[in-house]
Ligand code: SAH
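First comes one chain, alone, set out as structure tokens in the form predicted alone.
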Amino acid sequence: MMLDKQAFLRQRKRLVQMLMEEGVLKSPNVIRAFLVVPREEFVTYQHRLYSYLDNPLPTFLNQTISAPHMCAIMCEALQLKEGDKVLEIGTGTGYHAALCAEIVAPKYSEKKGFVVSIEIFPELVRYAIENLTRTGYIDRVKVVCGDGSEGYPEYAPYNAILVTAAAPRVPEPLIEQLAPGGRMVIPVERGWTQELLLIEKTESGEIRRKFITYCVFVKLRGKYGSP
């Protein structure tokens, strides 16, 4: 059985209401993005019926699309606003990039925020571009195939950096590419566990780190990733 758009919309609204009641979704702009972006368009065909369960879902090449609550936690921690320049490491299917684009560059906004998203797997790059094009976000998201652990200096510095794969440590290039006053969320390996960290760069360039929660992500690949 396949659901129509209205059925998916009802499921999306129920999920958003649940995440709000749990205190995960808080900010009006993040809530609006979760209501607008159709997650069913960013999951594989065989998993569309599960789009609005609060679970990660498999994609390709042993990669996953993060659970909605984790996307919400990360967006809230970044404190995204219209006009922000965002770097995402790990495009995956493009869903989280679309959420960020909906927050920093909504269609009605005169502020020109945008998202640069880097994915190391060419197959996922193609898939994400297809999804972002079909859903109308490709004009606000630049998808790059490359080593995200090195960042993307061409558009640096960034107001926010979102890392969707667990690193053995915070890559120095990402700290360098974070703007003064900027925020980064990144999963970092701690033995057998992973910790989601908030990295803040003050206006004077001081780096502050804060634990957000424990998490489970795929490993970050590349020069500053896991061996």
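So that there is no doubt, residue numbering starts at 1 and follows the sequence shown. Being a predicted model, the structure only gives us computed values, none of them experimental.
The discussion below concerns the form predicted in complex with ligand SAH, not included here.
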### Query
Counting only heavy atoms and a 4.5 Å cutoff, which of 152-160, 77-85, 120-128, 134-142 contacts ligand SAH in the predicted bound form?
120-128
### Message
Give me the residue from L178, L196, I199, I65 that has a heavy atom within 4.5 Å of ligand SAH in the predicted bound form.
### Response
I65
### Query
Looking at the partner-bound form in the predicted bound form, is P106 within 4.5 Å of ligand SAH by any heavy atom?
no
### Task
Check whether L174 has any heavy atom within 4.5 Å of a heavy atom of ligand SAH in the predicted bound form, and answer yes or no.
no
### Message
Since only the chain is shown here, I'm wondering whether A165 would be in contact with ligand SAH in the predicted bound form (any heavy atom pair within 4.5 Å).
### Response
yes
### Query
Should K219 be classed as touching ligand SAH in the predicted bound form when contacts are defined as heavy atoms within 4.5 Å?
yes
### Query
Can you tell me which residues in 31-46 come within 4.5 angstroms of ligand SAH in the predicted bound form, by heavy atoms?
none
